[in-house]
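Form predicted alone, single chain, as structure tokens, below.
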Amino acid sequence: MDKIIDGRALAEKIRQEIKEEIHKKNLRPSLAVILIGNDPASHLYVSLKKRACQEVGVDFHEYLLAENSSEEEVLTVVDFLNKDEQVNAILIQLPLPKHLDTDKIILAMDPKKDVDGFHPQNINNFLSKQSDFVPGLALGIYKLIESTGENLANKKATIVAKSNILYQPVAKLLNDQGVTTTIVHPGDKDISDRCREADILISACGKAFFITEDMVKEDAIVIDVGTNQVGESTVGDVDYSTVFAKAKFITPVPGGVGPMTVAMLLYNAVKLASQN
């Protein structure tokens, strides 16, 4: 049994299904991405999203803004895209330059075009079961866990994250399958104990090698959301080389959560196009 959860292979399968759906339903999904500044990782992620869109048949539009763009300039672009009837989906590439108010800019998006599902209205609607539109990051993580084929009922999950609101949708998806889920800040004094009791451990704290072997339960499912630069290498939050032997299933970095997040972006773009 292969314990590596291959995000690339799963994402490829999903992309093929999306491509077929677009063709079958004669859809014309259109995604606009706002990219502000010079962050190399953000530019790389946007280029990957662009390539994926072109592969499946989603129209892709880039709005590149300078690092020193004012909040007013960014909000003007958001407003323009909100009103553009040719655009079904909007993505604001994060993180934004530090002088910009991320919450204010996300809030300015039309929730009906928010492809990431990060708008507070969309998160609240999903958590309160008023909507079946799942934020792409949460859906990607859940599908990776689901792909293991494990029975999730009565298991415990710990999500290590600095942002509670972004990971509440993951917790809800797991709770719906009978998983008891806790979101823990990486600075929590009991962090090691909370991780060790988890049958499913999800790390999204953005700290290289933060999760060590002694923090992982034997035969746990380990999902590494982190992407950190160490020299020339991209590594996760999990010390993969030592945790690998202990985990029953584990995602690599790169090649795990990243490709699935892009696939779910396409999935949500098609969903928005179908609704509009």
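Computed from a prediction, not measured in an experiment: that's the story for all the values here. Note that residue numbering follows the sequence shown and begins at 1.
There is also a form predicted together with guanine (GUN); it is not shown, and the following applies to it.
Interface membership of Leu75, guanine (GUN) in the predicted bound form, 4.5 Å heavy atom rule: Leu75: no contact with guanine (GUN) in the predicted bound form.
Guanine (GUN) contact at Gln121 in the predicted bound form, heavy atom, 4.5 Å: No, no contact at 4.5 Å.
Partner contact for Thr180 in the predicted bound form: guanine (GUN), 4.5 angstroms, heavy atom: It does not: once guanine (GUN) is placed as it appears in the predicted bound form, Thr180 has no heavy atom within 4.5 Å of it.
Non-hydrogen atom contact Ser147 with guanine (GUN) in the predicted bound form at 4.5 angstroms: It does not: once guanine (GUN) is placed as it appears in the predicted bound form, Ser147 has no heavy atom within 4.5 Å of it.
Contact residue in the predicted bound form, from Ala204, Leu91, Ile200, Leu81 (heavy atom within 4.5 Å of guanine (GUN)): That would be Leu91.
Residue stretch of 92 to 100, 67 to 75, 191 to 199, 157 to 165 approaching guanine (GUN) in the predicted bound form, non-hydrogen atom distance within 4.5 Å: Comparing against guanine (GUN) in the predicted bound form, the contact stretch is 92 to 100.
Interface residues of 49 to 80 toward guanine (GUN), as seen in the predicted bound form [heavy atoms, 4.5 Å]: If the 4.5 Å heavy-atom criterion is applied to guanine (GUN) in the predicted bound form, 49 to 80 yields only Lys49.
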